[in-house]
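The chain that follows stands alone, in the form predicted on its own, written as structure tokens.
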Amino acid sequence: MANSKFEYVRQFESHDVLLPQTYIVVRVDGKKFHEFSKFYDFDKPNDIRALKLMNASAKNVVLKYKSDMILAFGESDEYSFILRKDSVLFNRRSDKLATLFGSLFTSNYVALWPKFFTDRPLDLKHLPYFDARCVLYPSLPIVKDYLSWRFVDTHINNLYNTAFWQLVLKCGMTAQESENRLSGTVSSEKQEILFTDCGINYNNEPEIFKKGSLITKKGDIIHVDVIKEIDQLFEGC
């Protein structure tokens, strides 16, 4: 870049550099995806096309930075990318990591959309976009707890959403009636309501719905019980 008398303005720039030798999790979240999914008529309680699109977009991000990646985990409209503690990607600049992961994920989502939603082109007034944040974790046990937290969140949210929407779609309840029916219930009671009222065995629901999606640094997409296999997932890290 050519020098000029105006170059002094660069002195006002500041960059947050993340602490060295800590694990970086870059979490990407859909912005206003409730409105977005409603506009494009996503299937309830889960739209397999949307989930596979999320996975395909995340896989491309993982493969782009695979030398720095441990794994990625996604559910609904979010994805967490876990980077090695010795990663120096973008000199560990928080702003670079967040903006580039968010923009790369978004661009892949838009580019791959026609592959999964063949009959519904994107509307320029209703485009998808994602924000991203960087969170540091000092030790591997805490990283494992983070991943377990997201896995449990997947189960809790999916069980509730499955019960809620099946009561609406299969039993003809209003949204308020369904909410009231589930109010105060624990997981086992929600599963019993699904089975008794809707004829659905929750155990037979697709694994991608119940367990979310995990992408290895090689790009393999799997659906596993993260808590049971947590040590194997981080072997060698």
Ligand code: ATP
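Numbering starts at 1 and runs along the sequence shown. Please read these numbers as outputs of a predicted model, since none were measured by experiment.
Unshown form predicted together with the ligand; subsequent notes refer to it.
Enquirer: My question is simply whether residue 185 lines the interface with the ligand in the model of the complex - judged by any non-hydrogen atom within 4.5 Å.
Expert: No.
Enquirer: Might residue 181 be said to contact the ligand in the model of the complex, defining contact as any heavy atom within 4.5 Å?
Expert: Contact check for residue 181: no, nothing within 4.5 Å of the ligand in the model of the complex.
Enquirer: Can you tell me if residue 31 lies within 4.5 angstroms of the ligand in the model of the complex, counting non-hydrogen atoms only?
Expert: Judged by the heavy-atom cut-off of 4.5 Å, residue 31 is in contact with the ligand in the model of the complex.
Enquirer: Does at least one non-hydrogen atom of residue 191 fall within 4.5 angstroms of the ligand in the model of the complex?
Expert: Judged by the heavy-atom cut-off of 4.5 Å, residue 191 is well away from the ligand in the model of the complex.
Enquirer: Counting only heavy atoms and a 4.5 Å cutoff, which of 194-202, 60-68, 39-47, 169-177 contacts the ligand in the model of the complex?
Expert: This holds for exactly one stretch, 39-47.
Enquirer: Judged by heavy atom distances of 4.5 Å or less, which residues of 48-85 approach the ligand in the model of the complex?
Expert: Contacts from 48-85: 50, 51, 76, 77.
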